[in-house]
Structures are given as C-alpha cells and as structure tokens.
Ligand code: DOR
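So this first bit is one chain, no partners, the form predicted on its own, shown in structure tokens.
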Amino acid sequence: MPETYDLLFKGGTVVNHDGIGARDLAVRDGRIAAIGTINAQSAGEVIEASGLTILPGVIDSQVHFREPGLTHKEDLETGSRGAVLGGVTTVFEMPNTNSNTTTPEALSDKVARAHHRMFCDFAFYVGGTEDNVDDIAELERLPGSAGIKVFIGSSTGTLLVDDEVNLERIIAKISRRAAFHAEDEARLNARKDLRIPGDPSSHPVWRDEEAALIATKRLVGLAEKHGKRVHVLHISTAAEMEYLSHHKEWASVEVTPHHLTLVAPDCYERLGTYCQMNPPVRDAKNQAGLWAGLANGTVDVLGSDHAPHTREEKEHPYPQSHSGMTGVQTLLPIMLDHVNAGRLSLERLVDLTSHGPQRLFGLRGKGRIAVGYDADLAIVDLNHPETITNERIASRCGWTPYHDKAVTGWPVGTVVRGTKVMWEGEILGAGAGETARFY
C-alpha cells in the first residue's frame, strides 16, 4: 500500500541539518512525513517548488504585539499577520502589555486571546518582578509560557527590576532559560541631561555602550554564581559581544536585524525618531562587533524585537517620542538580503532563526525540517528582488524603518503545522495558531 500525503512540495531546495539539497518534502497530519524523492500521485495537493528554497519556519523569540491594553498600536491578530507574511511560524511575545503579564491569570488570558485567532503559533513571556519571585517556578511551567523576562533597564511599559537584590532573587529561582533587557538604570538616570531635545541622534549618547555593558556583566555574573541560564536580548555593542564571547557557559546571545542593518549617524539623519530603539542603533564600530559575533558563533539567535508604535507616538519631539519599531514581517527579507550579499550563509541564518531558538528554549517538534516534526515552513525565492514599503506592512501602525529599501530574497509561502497560511503575499483562511510546546 503506497504512502499518501496531504501536501507535497516537489523539486524544491530543502535547507536543514543535513545541508542544502534538492528534495521533495511531504506533509501528513500537520507533520513532516517524508523527505526525498516522492511520487506526486501520492499527495492530495502538490506544489511545484522548483526554483524555491524551503527553510524551517522562522521562530521569532522577541515580539511585542501589545495586547491587552495597547491595541491602538498592534494586537495579536495583526501582529501575527505580519509574522506569517514574513515566513515566521512561531513567536514569543513579551510581557510589557497593559496590564503586565505577571500572573497565571494574565498569561491564561493571553493564551485564550491568541488561540485560533493568531495566524502563527505562540508562547508568552511572563514578566519577572520583585512581587512574583516566589511564583517563578510555577509561572515558568504554565501552558503557553515561554519563560521569564526581566527588564533590568526601563523601556516601554512599567516592568523594571533595577536593583541587584531583587535581580539576584529572580535569577536564583529560575529553572528555564530566562530573557533579559540589559541596560543599567542608574547610569541611564544619571545621563538623562545628555538627551538633546529634538535630536534623536543623542539617544545612543544617553543610553551609551557602558550602560549596556554594566548591566550585561552584572547579569552574567549572577547567572554564573547561581548556575542559571540567561538569555541576553538585543546586544548592541561590540564591548558586550567581546565580553559574552568569554562567558557562554550560562549566557546565550540575541542580535536583531535593525542593529545589524541600520547604522548611526546615517539612520538618525534619514529616519529621525523612527530609528529610536532601546537599546539604540549605534555606530559602525559597534555594528562590526555584532557581525564579528555572528561570524565566530557567539550569537545564538536572531529576534526582531518587533515593537510598534503609532506614527503620532513616534513623531513626538525627542525625547518624548516612543522607542520601538516594526520588524517581525521584515526579519527574513532583511536577513536574506544579507545572505545574498555574502555576509552570512543560508545555513547560519537557519541556525539563528530556527535551530537556535529550538535548542535554547526547548521547543518540542519545531525548529528543523525532519520527519516527525511540525510542518512549519518558510518557502522563499532567494533570487527575487523586491522593495519593502510601508504599504506592505500588516502591523496596525503601518510603517517600517526599511521603507523603499530594495532587497534580494523574499518569502513566497508560509506553512504552519502543515497548513498553508500565506502564499504569494496573500493570507489564506482564518487564524488557527496554537500554543507552542516545550520540554
């Protein structure tokens, strides 16, 4: 009796742990059922994938979709539309909503809002605070929890743990890998007078390299003291990257496409407050340090840090303007353009966006193209030239810092657990996202 499949990709180039090669890929019951040479007559739907490259679906482990409480900027549905338009099949969403995600009830509410409404699969970070330290063991393991997220330095929202006593209390309690925004709050407060009204290029002067390095060193020191796994988000400085390269036993490292792509002072001259982020986009020296960390293996994952604000909020005069930009939809196109420019290999990109998040966070059944795994796929045309525009952006805020940027390499289709959710720029059907599963 011949095998039968629900969906078959014929003649595509598959990128997985076995390398890059021309292979057919078959899906049955939401999972990858076969890889190799497969009879087209054995499938309910056959997609001719010649000329296309099939990647594991992107796992974006840092997004802010703003629901509940801030849905004038974004919500779980609109954010996930952008995700699947960009080849992202799973997201980890951040806790600095309104109200903050710091209790079992708040997490359960988010999971209920997302279930079969988001277009991609999902998990939610729980904010670590001095008030919920004793509950961390429970919060880390609840259904839908991506683990604990701590803001050492202030950013959007009210979550902040800026004293070493409570930071150490939290780190001592974690059992999963926890994520941290590392900027030193005392230094940020002391340097506020360096902000120049109306001049967003003073943002990286205020939130300087030393503020990031102080916080990262403190975080890693506590992780090593207690033997706990920490994940340092959105590294923006060459000094942090050099330090972290010598402290990989307990610390993992994320970089973002915007820190790899945009550079000061040019970005502030072109984009003004639309380039304003925490931590800031910095100069070419720091950007070169980030690329060096990619090349030598210090960097473990890429996250978009998708953090939308409305145009009105971005256009307040600096420093009243809000920090954050869109990114989930453009993560893959921007990084494919870097691949085509020779800055990193396609295999390394897949490791950063799929294998790496699966490995770090213990995702079950995701992150690689292998028989038995969820059929989460990003189908891309590596040779397709395209221009990113504001009009293409599905985020409710409707803008991107990459407006009018020409790229080579574009997502053609997105498959989540065996279902085509996007094809050639069109969202197919209703949201059917489900909770990601962890070991």
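Worth saying up front: this structure is predicted, and the values here are computed from it rather than measured. A residue's number is simply how far along the shown sequence it sits, counting from 1.
We do not show the form predicted in complex with the ligand, though everything after this point is about it.
Trainee: Picking from 284 to 292, 365 to 373, 128 to 136, 316 to 324, which part of the chain touches the ligand in the predicted complex when contact means heavy atoms within 4.5 Å?
Mentor: The contacting stretch is 316 to 324.
Trainee: State yes or no: in the predicted complex, is some non-hydrogen atom of residue 151 no more than 4.5 angstroms from a non-hydrogen atom of the ligand?
Mentor: Residue 151: contacts the ligand in the predicted complex.
Trainee: Taking the shortest heavy atom distance, is residue 181 within 4.5 Å of the ligand in the predicted complex?
Mentor: Because a heavy atom of residue 181 falls inside 4.5 Å of the ligand in the predicted complex, the answer is yes.
Trainee: Would you check, heavy atoms only and a 4.5 Å threshold, whether residue 305 touches the ligand in the predicted complex?
Mentor: Residue 305: yes, in contact with the ligand in the predicted complex.
Trainee: Heavy atom to heavy atom, is residue 176 within 4.5 Å of the ligand in the predicted complex?
Mentor: No, residue 176 stays farther than 4.5 Å from the ligand in the predicted complex.
Trainee: Three residues, 115, 145 and 435; all within 4.5 Å of the ligand in the predicted complex via heavy atoms?
Mentor: Contact check failed for every one of 115, 145 and 435.
Trainee: So the ligand isn't shown here. In the predicted complex, which residue out of 81, 309, 110, 231 has a non-hydrogen atom within 4.5 Å of it?
Mentor: Spelling it out, the residue with a heavy atom inside the cut-off is 309.
Trainee: Only one of 237, 252, 273, 96 gets a heavy atom within 4.5 Å of the ligand in the predicted complex. Which one?
Mentor: That would be 96.
Trainee: Within 4.5 Å of the ligand in the predicted complex, counting any non-hydrogen atom, which residues from 366 to 384 show up?
Mentor: Not one residue comes within 4.5 Å of the partner.
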